[in-house]
Ligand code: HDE
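This document opens with one chain alone, in structure tokens, the form predicted on its own.
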Amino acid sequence: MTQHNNRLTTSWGAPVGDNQNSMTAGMRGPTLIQDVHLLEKLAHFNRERVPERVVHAKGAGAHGYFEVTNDLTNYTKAAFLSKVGKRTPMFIRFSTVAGENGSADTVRDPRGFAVKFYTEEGNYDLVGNNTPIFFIRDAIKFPDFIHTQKRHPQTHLKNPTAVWDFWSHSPESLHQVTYLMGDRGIPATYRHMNGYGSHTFKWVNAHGEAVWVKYHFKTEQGVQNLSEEIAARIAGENPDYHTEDLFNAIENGEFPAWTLYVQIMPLEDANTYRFDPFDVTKTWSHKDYPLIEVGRMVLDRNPENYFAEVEQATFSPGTLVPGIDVSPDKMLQGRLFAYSDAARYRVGANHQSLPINRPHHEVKNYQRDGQMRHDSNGGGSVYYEPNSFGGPTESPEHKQAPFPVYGMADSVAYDHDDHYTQAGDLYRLMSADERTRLVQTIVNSMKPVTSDEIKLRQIRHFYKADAEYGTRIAQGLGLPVPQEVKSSE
């Protein structure tokens, strides 16, 4: 007999009499529409997959904590950073960027590094990558850039011609391309890579004084990478290699950890620094702005359910707490809208109320209704403001810090266009062996490009960054170094 404490039920809680046979009109008759259990199962099955993320579709996640190891209250009033030794629960999602949900973990691609801190003042999302820079610096170019990373609409195949065509027309991408095509383009595991906030953010202290900051998570496991050959072999043998490695490490008590550092820049330096500090295709020199330790992140608990915790986790760089503001970074400004909007489309208007996304304290606002509202929906409390019934009110002391703006409203580019110095510096920083691998990786990637014009345009960028860099790639592709570049240098 079926034990009543373990009986199968419908989604509305009624006992299921038969879960193996549909209700039909006789043994060979048609299935009856009155078999509501069958209809419910099929309808739910059709909806079991939420739309995958447009980018960062393939990923893995884990729970852990962040512990403050250095007093930085002179720079920020963020409560979770208020004293040494303070621990804050957090969740992280690692991911690849361009591939679909079933793609291999070990492809050459940036890795997403998205951290959600469950602070006492609300959630704080730090949504970065394993690279300190990015391909573009204005969000208006992002849809076009991602189109080049996806499949051709006719052939449904990856299109290297589109990839290099876009990059050759977007010289600001050169720094990130050099980074991606180098040894760090394929991390050995999620545990053996650094993470970065990438963008510039603003910290504000209790006195209203502000500074610009950049975040750096340094892996305590050491940076390790995969060669192109080993990565390709693993992709065929175990496409979920990174996902499996992270889960098994935590399950076996080998808790991965990262030390968080920040670079701090005085506000006034933004007007005089030799690179625009808000341009996400550029870095700040560590000599100019040294790393300052903040704390330590440890991952010590695997998700209980992948879909509920990893797939439904949503992140946005606009999920901020008092003491942390944004900067005029054009790419960041676009992401403030795009990430939350993607979550509303993919998971629903109430995505922030799901357990994995919900703050660890009570939420009080006037938002009501919407798909998948699964709590009390505010009950009978007042649902508008201003009101006379004691509804929640704002906290003026937590307004974002004011900053001056000026200029004509117009579509304008950054006024700094040196796309070559830092890319060249990165190339020259590499060892001879690293340079050889970088050049070969780029040559192999560019060979399928169908247009020599695109190849030559890109070679000009490499040459402007470093003459040896461009010459070696041109030679690898069997193309001449453009004479106009030689004569102009």
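What you see is a predicted model; the values in this text were computed from it and never measured. Start at 1 and count along the sequence shown; that's the residue number.
Omitted from view is the form predicted in complex with this ligand, to which the following refers.
Peer 1: Work out which of Arg191, His199, His351, Lys282 lies within 4.5 Å of this ligand in the model of the complex, going by heavy atoms.
Peer 2: Flagged contact: His199.
Peer 1: Which residue, Lys86, Arg335, His419, Arg296, has a heavy atom that falls within 4.5 Å of this ligand in the model of the complex?
Peer 2: By the 4.5 Å criterion, the partner-contacting residue is Arg335.
Peer 1: Against this ligand in the model of the complex, would Arg93 count as a contact residue? Criterion: heavy atoms within 4.5 Å.
Peer 2: The answer is yes: Arg93 has a heavy atom within 4.5 Å of this ligand.
Peer 1: Using a 4.5 Å heavy atom cut-off, state whether Gly112 contacts this ligand in the model of the complex.
Peer 2: Contact with this ligand, yes.
Peer 1: His37 versus this ligand, in the model of the complex: is there a non-hydrogen atom within 4.5 Å?
Peer 2: No, no contact at 4.5 Å.
Peer 1: Does Phe315 make contact with this ligand in the model of the complex, using a 4.5 Å heavy atom cut-off?
Peer 2: Yes.
Peer 1: Tell me, please, which stretch of 153 to 161, 71 to 79, 139 to 147, 178 to 186 lies within 4.5 angstroms of this ligand in the model of the complex when heavy atoms are compared?
Peer 2: Every other range fails; the passing one is 139 to 147.
Peer 1: For the stretch 47 to 77, which residues lie within 4.5 Å of this ligand in the model of the complex by non-hydrogen atom distance?
Peer 2: Residues within 4.5 Å: Arg53, Val54, Val55, His56.
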